[in-house]
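Presented below, as structure tokens, is a lone chain in the form predicted on its own.
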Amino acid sequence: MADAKPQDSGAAEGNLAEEFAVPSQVEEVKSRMAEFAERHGAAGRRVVLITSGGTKVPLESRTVRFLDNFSSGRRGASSAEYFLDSGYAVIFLHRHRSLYPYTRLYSGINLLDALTVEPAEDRSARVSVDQSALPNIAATLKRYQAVKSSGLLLPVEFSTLSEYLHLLKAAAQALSSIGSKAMFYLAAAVSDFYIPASEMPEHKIQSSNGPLQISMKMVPKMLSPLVRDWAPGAFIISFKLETDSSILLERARRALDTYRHQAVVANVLDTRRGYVVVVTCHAQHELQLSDEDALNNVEIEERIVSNLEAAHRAFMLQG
């Protein structure tokens, strides 16, 4: 979420209601998220909402063209696995077709190349798996099946910016009942700009009309009502991605001062997979992978989750 001047949370919520179409399924999804949170909260388990992937901003009502945010969803998907390993239940609010926990490990592999059809005596076909083409597939499948059978992962999809904003609000309200047991890990790459529906052309913009000039509005900052109104008891982490390392920490601290949440995970685009800084009001923790870590396939998200899990425990004790 980008820096901005402090914004009234009521104004942000009003803009959301007026200018972003409400997804038809939002109430049904909100009910599922509330049940999930209450069930795991009652069992003494912490619940983390992870947002993951980029948001799509349509340029036409009957959308042919759109603006997108850079994000594969890698950080959100890998972090979900480490939170699950740490005992959390996870609501995974992710972009449609972005990387997904466990299957993300095989995103660059053509699945069909790893499968072989073997004829059986009863003329049925059996499918065998070349495990060398899918490294550690047996262990990964066992982990996924254990998570699924325990009901610890609730996936929720979004595609457009409107869907994301309304589903984030619904998730925050659903998790508010479990207070400090709730964590928000806002790793999605959310657009800072949009075209209001009232100003959007209905049909495809014609290139024959010549060069295109677009005027876009600033997206209301949902972090403010999230912290103040929707889930005021929760532990909330935002992310700050910059391309200029000289401004990174100042922007992270400014976000903390503006929104009064608990932590910012700050990183630079070129080094984001090996180095981040977790910034809080009282400290900053540099997390970095060594060359040996890289050779051993250690992921920076494991370090991020470990740091934040400990901070969340301390936060709950303070409450």
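A residue's number is simply how far along the shown sequence it sits, counting from 1. Predicted, not measured: the structure shown is a model, and the values here were computed from it.
One more form of this protein should be noted, the form predicted together with another copy of the chain, which is absent from this view; the next part is about it.
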Quiz prompt | Whether K204, L212 and M216 all lie within 4.5 angstroms of another copy of the chain in the model of the complex by heavy atom | solution = yes
Q | A42 within 4.5 Å of another copy of the chain in the model of the complex, heavy atoms | A | no
- Message: Within 4.5 Å, heavy atoms only: does D85 come near another copy of the chain in the model of the complex?
- Response: no
So, in the model of the complex, is N69 in contact with another copy of the chain at a 4.5 angstroms heavy atom limit? yes
I137 versus another copy of the chain, in the model of the complex: is there a non-hydrogen atom within 4.5 Å? yes
Note: exactly one of W230, F235, Y100, F158 sits with a heavy atom within 4.5 Å of another copy of the chain in the model of the complex, namely Y100
Of 163 to 171, 109 to 117, 222 to 230, 85 to 93, the segment with heavy atoms within 4.5 Å of another copy of the chain in the model of the complex is residues 109 to 117
Checked 141 to 155 against another copy of the chain in the model of the complex; residues with a heavy atom within 4.5 Å, sequence order, are L141, K142, Y144, Q145, K148
